Each structure stands twice: as structure tokens, then as C-alpha cells.
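Given as C-alpha cells, the chain that follows is alone and in the form predicted alone.
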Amino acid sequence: MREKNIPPLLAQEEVSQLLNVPSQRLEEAYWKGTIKNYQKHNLEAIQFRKGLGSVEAGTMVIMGEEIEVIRGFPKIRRTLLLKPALEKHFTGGNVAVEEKMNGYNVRIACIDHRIFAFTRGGYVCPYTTRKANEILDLDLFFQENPDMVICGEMVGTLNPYVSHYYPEVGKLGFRIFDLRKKITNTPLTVMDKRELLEEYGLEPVRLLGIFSVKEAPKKILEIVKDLGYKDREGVVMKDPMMQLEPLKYTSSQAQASELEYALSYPFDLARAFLFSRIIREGFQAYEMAETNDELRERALRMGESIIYPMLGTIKKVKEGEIAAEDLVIEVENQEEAEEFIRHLRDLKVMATLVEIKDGKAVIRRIHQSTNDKVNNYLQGGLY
């Protein structure tokens, strides 16, 4: 009886063959909710909410003129101590160091002559899709490389997910960190990627150097320290041939900034943010062998990023305000703003439109759990 309810796309044997996953296992994953039917933006697709075998979370299988597979972006693991991790992990001898920018992960692909931007979870973001088509000249690239997926970071102050100012970007920009093949997810090498992007006038993230494994830890610590002073996030370390998994490493200032954001909405975000950032700080302070003054500066930065934003939110709620943040996006009309709000609600984000003025929509993201719990404790509720 169940078979009649399986999405027609999922039932096709070709999907099983393309993903190298048995049909029965795909069906079981569908009933468990690991795989969902996805029908939005005139796409008929199935979406992998979680990983399944070698298939990454965020993978989309799309029915078009032919079946297309846009693989999810692989999770990049983090190193806490550079020297032992690099020596153990990078056995090829060299480490390519690219800048990790503070934005949100986007995959851009061409499906049936239309260009879509997919978020990390495998959703088509209407705002990012529209902006990617405006910012980037992609037509020729995809005409000549239809089997390629562009993986990059959307950054800038009009980024609705992670707003961060980069002098060279300004309001909104896109920087590419990988080019990967559809279906297999095979990446181009670091230099092949950069050469191909240059050919089409597309901008990669900065390559900060290629170092031997022996010299890399010292060089990367110096790079990350400098990036932190400039309010930039960190680095991704790659095998130049892309045969090994990349690793990432971030600055103390970036970790403090993330804590400040999370502790502004402590009952919605803090639990997922707090422990991991504190652990990173401890190991980074150890490896950097900081002076007493540098350690005190780090400790103050961490403490302030925890206490001040939380105190500010408590005071705000006490005064009758809502625990919320305002996102700003560029729109041409109200429908575009409302479409983005529907997208946020698909992600289980509570959001409302505040106003549209001068081509910009202000969208309020409400952190309801923080609002409710802070109010409860202010009225004498027990923790």
C-alpha cells in the first residue's frame, strides 16, 4: 500500500543507480523522513534532510529534461591544534590555505537552462537565486560547464543570514571556494579551479599561500591572528590536489562574534554555539603560547561576548520589546519580500515583514523561545 505514496522520482531505478544506494534503502529513508519530497520554484525534486550512506545531507535529486543530482556540500571538520592535526592529516606534503569568509554556504547549478542557488540544507533560496543571477555572469560558464556546481559564500551587509562587512564586498558579493561535479561531487584541484574561474571572470576566495606541512602551522597561526585583527573569520586548509578532506580553523575574534550573536538569543541559539567555541578558544590559546596580556585580552573578549549581549536582551524584554533581529534584503516589490519570508518559514524560522522602503525590505526574525523564557523568569519562573 505504501508504494503508491512514494514520490514518482524516488521510485525510478535510475535514481538508485545515480546515487549508488539500493532502492529499498531509499524507500526506508523516505518513510523515516530522511528524504522529503520537494516541489517548489517549479522544481520536482527529492531532498536529503540527512546524510544517507555516501550521499550528503542537502543533496537534491531533480526531475528535469533528465534526472539531475546536486550533491550536498561535504561537512568540513575543524582542527583545534594545527601542528599535530596537519602532520597527521596532510600526507601529501603541501597545504593550500584559502580564506574562510563569514557568510553562508551556497551551491549554484543550472537545471534545464535555469540557474538556482541551493542553501546548505538543500533548499532553493529565492533571494540568493535572484541575487546570484544579478551579481554573477553565469550564462557562459554553465553553457560550457553544465555538469559543474559552483560552491561559494554569499557575503556582505545585505546578506540576510549572516551580515558581515567586508571592505572589498560592501552590500553583497559572492566568493567561490569549490567547483564540483554533479552526481559525484568530485572537486577540481585548487589551481584548476582558480584558472577556470579566471577564464570566466568569476571571483574565488583568497588563496593565502601554499606551504609545506612543516612550515604550515606557524604560517597559518600568523595568518589567522592577522585575520582576527581585521575582523575576518579564518581559513580553510586544503590538499592542493583535493584528494584529502579540507580542514578549517577560525580566529578568536570570529568565535567571540558568534558567541555575541548566540547569547543575544540564549534560549534559541546559545546551547548549539557555546561549548564548541569555548573549547576552540582554550586550544587556540594553548597553541599560540600567548603572553599574560594576550590571554587576558582573550578572556575579556570571551566574557564580554557572553555577558553583555545576554544582559542587553534581558533588559530589552523587560522593557516590553521582542527578542528579534531585523534582516534587510533588496527587493523590487512586496512579492519578493513575501517569497523570502515563506522560504524562512519553510526553514522553521518565525519571520514577519516590517516595512519596504527605498528598495529594501526589513524582515523581523523572532526568537520566540528567548522571548517567552526571559519573560517567564522576569516574572518569577523557576529555571
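Model, not experiment: these values are computed from the prediction. The first residue of the shown sequence is 1; numbering continues from there.
This protein has a second form, the form predicted together with a further copy of the same chain, left out of what is shown; the following refers to that one.
J.: Heavy atoms within 4.5 Å of a further copy of the same chain in the predicted bound form: which stretch in 224-232, 146-154, 81-89, 183-191 meets that?
T.: Among the candidates, contact is made by 81-89.
J.: I'd like to check something about His113: if you look in the predicted bound form, is any of its heavy atoms closer than or equal to 4.5 Å to a heavy atom of a further copy of the same chain?
T.: Output for His113 is no: heavy atoms all beyond 4.5 Å of a further copy of the same chain.
J.: Contact between Gly380 and a further copy of the same chain in the predicted bound form at 4.5 Å, heavy atoms?
T.: Yes, contact at 4.5 Å.
J.: Using the partner position in the predicted bound form, report whether Glu215 sits within 4.5 Å of a further copy of the same chain, counting heavy atoms only.
T.: No, Glu215 is distant from the partner.
J.: How about Val236: is it within 4.5 Å of a further copy of the same chain in the predicted bound form, going by heavy atoms?
T.: No.
J.: Though a further copy of the same chain is not shown, can you say which of Leu197, Met242, Ile306, Ala132 has a heavy atom within 4.5 Å of it in the predicted bound form?
T.: The residue in contact is Ile306.
J.: Considering Val169, Val97, Leu158, Leu263, which brings a non-hydrogen atom within 4.5 Å of a further copy of the same chain in the predicted bound form?
T.: Only one listed residue qualifies here, and that residue is Leu263.
J.: Listed by sequence position, which residues of 241-273 have a non-hydrogen atom within 4.5 angstroms of a further copy of the same chain in the predicted bound form?
T.: Heavy-atom contacts to a further copy of the same chain in the predicted bound form: Leu247, Leu263, Pro266, Phe267, Ala270, Arg271.
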